[in-house]
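First, one chain by itself in structure tokens, the form predicted on its own.
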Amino acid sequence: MTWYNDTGKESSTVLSTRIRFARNLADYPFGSRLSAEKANEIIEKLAPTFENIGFKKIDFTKISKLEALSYLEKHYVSREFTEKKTPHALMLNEPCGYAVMLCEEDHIRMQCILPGLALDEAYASICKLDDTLDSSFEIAYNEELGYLTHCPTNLGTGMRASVMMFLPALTMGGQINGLSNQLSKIGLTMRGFYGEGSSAQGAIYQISNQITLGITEEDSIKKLQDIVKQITEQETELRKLITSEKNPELIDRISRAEGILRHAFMISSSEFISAFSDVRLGIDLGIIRSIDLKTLGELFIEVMPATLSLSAENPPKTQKERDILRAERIKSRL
């Protein structure tokens, strides 16, 4: 399971859900003051607990840059994690949607990623993993401040709850900046495709809680669920307006995007994401019936640069070769 595995059953606006907990072991320095020796010690101490419940350990100091970037493309790790030089490892249980970064900014950053809108399910799942850690290790915790974390903005619950939303109508209507400003006023944030510091691509946005101190996990999730419902209603109403018979330009744009995916000889990743957005909207609106959401969602992961190169029998050596390979892969899947 990856960040986005579209079965077509979920909301047309919510692609995936993620709940992430930040935790640290007591009696160890935080990440910025953690020596290589202590980082290795933490990994060796924690890894067996995860391996005993079905996780696979990936030592990021022993894999290629391409492999590391592929895990980033699947949203299992952060960009900072791929660039670390000190010891760090990923514990992965793909069937359950679990990915745990060991020795990133915090000693433990565990997340559960599920398709569609599944905040309650993801939260219940990650709590079980958290209980396993609590029963086996002493976690850094303070009665007044809650869970102690490297960054003060994570103090308290240490939780980030987020949903990946597909909002083409709001994007076309120029309402994203206004929405982002409104969210920031109520303790939520809107980010790009890969979270903090990333840009929005393909009308896909990550919406998550900002406040972790002085609020319970359940209240944070409830607030996010309510806002997602409101945003979905706004997006749905706008889609009704843009699909009127007075908007042939949209139908032409969607049809051209499908033509690019089916017939282009070369496609860059940015061009694919743009076409993906238009085609997915076309499927949601019933304009395109020959491509299903599941296939399109799987393609989104398969043709990202690092993942595409790793899967090739003869890995591309240049960007041009990769763009040609991407077009071939898309045509064969469609």
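Heads up: residue numbers just count along the shown sequence, starting at 1. What you are looking at is a predicted structure, and each value in this text was computed from that prediction instead of being measured.
This next part talks about the form predicted in complex with a further copy of the same chain, which is not shown.
Undergrad: Which residue, Asp226, Glu249, Glu233, Glu83, is the contact with a further copy of the same chain in the predicted bound form, using a 4.5 Å heavy atom cutoff?
TA: In short, Glu249.
Undergrad: If the cut-off is 4.5 angstroms on heavy atoms, which of these, Lys240, Lys185, His263, Lys128, is the one near a further copy of the same chain in the predicted bound form?
TA: Of the candidates Lys240, Lys185, His263, Lys128, His263 is the one lying within 4.5 Å of a further copy of the same chain in the predicted bound form.
Undergrad: Pick from 267-275, 63-71, 27-35, 301-309: which stretch has non-hydrogen atoms within 4.5 Å of a further copy of the same chain in the predicted bound form?
TA: Within 4.5 Å of the partner lies stretch 267-275.
Undergrad: With heavy atoms only and a cut-off of 4.5 Å, decide whether Glu258 touches a further copy of the same chain in the predicted bound form.
TA: Contact with a further copy of the same chain, yes.
Undergrad: Using a 4.5 angstroms cut-off on non-hydrogen atoms, would Lys317 count as touching a further copy of the same chain in the predicted bound form?
TA: Although a further copy of the same chain is absent here, Lys317 would stay clear of it in the predicted bound form, with no heavy atoms inside 4.5 Å.
Undergrad: For a quick check, can you give me the residues of 282-317 that have a heavy atom within 4.5 Å of a further copy of the same chain in the predicted bound form?
TA: Heavy-atom contacts to a further copy of the same chain in the predicted bound form: nothing from 282-317.
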